[in-house]
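Just the one chain here, the form predicted on its own, laid out as structure tokens.
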Amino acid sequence: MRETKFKLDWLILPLLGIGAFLILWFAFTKTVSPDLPTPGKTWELSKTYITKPFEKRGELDQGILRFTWLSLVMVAKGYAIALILGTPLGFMLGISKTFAKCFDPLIQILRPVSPLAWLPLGFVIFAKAKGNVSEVAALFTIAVCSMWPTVLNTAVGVRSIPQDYLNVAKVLKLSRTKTLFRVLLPATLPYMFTGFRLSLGIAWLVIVAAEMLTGRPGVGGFLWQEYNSNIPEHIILCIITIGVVGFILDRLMSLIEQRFRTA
């Protein structure tokens, strides 16, 4: 019985959903938008990128997994910077009311700014930087845009710690370092991981926009090139790739979170 339910929940129902989506897609192309390629035509023109996922034929003519890997490397670098900056900032906002009153309004102003605005600023700031300016500007944009969920969720987690926990730490005369690692960090971890997951999703979204604007090789750069070349089949391939990779990243972060909670 359990095996049947598992197949129904995790195999049959998702396949039914995908099948329904493909049927609606096909119907939409025939009735509403004839310019939109059908699923079959999309596969026909995109299968080289899928069946040869790591082949490199040119800078912006590579297999889809090779493009994905290039994008993920950039995301990993920018995301790491976001966590390194955002986690301590979140703790400071949660611990110190004075610090929060000083900087929380500034954070609320900067948080909704679009990556389309941060990227040009990154080019200005790092115009004289050594190496690839577009890469540094993209990393800057990813870090700034994706750090806010980590900052805010970490701050909320610290503020949610019961006062009794802190009182026990004082009674036991724990140092600030021990209080941080034995009381604050474990109690805040669920909130932090919520922020980490949201930040990772934003980082993945931002890299696509950054690659489109800079022309860097990656999923976003390939998408923009195919738009300019008027090849909608490859645009759809990129959209599906972005969605699938985003889903996988979220699932992986969820597994890591569960591992930490049960450790």
Partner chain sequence: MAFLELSHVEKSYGKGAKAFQVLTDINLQVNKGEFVAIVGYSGAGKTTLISLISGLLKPDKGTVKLNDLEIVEPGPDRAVVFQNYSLLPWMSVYENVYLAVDQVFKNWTAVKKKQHTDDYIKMVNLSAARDKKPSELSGGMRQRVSLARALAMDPQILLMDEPLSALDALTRANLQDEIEKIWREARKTVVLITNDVDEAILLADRIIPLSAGPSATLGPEVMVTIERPRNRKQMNHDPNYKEIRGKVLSFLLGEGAKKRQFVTRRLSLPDIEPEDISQGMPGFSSNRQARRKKEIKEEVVEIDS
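Every value quoted in this text rests on a predicted model; they were computed, and no experiment measured them. Numbering follows the first chain given and starts at 1.
There is another form of the same protein, the form predicted in complex with the partner chain; it is not shown, and what comes next is about it.
Comparing 109-117, 80-88, 133-141, 163-171 against the partner chain in the predicted complex, the single stretch with non-hydrogen atoms within 4.5 angstroms of it is 163-171. Between the options V156, A100, V183, L72, the residue in contact with the partner chain in the predicted complex by a heavy atom within 4.5 angstroms is V183. Listed residues M92, A76, L121, A187 were compared with the partner chain in the predicted complex; A187 is the one with a heavy atom within 4.5 Å. In the predicted complex, S175 approaches the partner chain with a heavy atom inside 4.5 Å.
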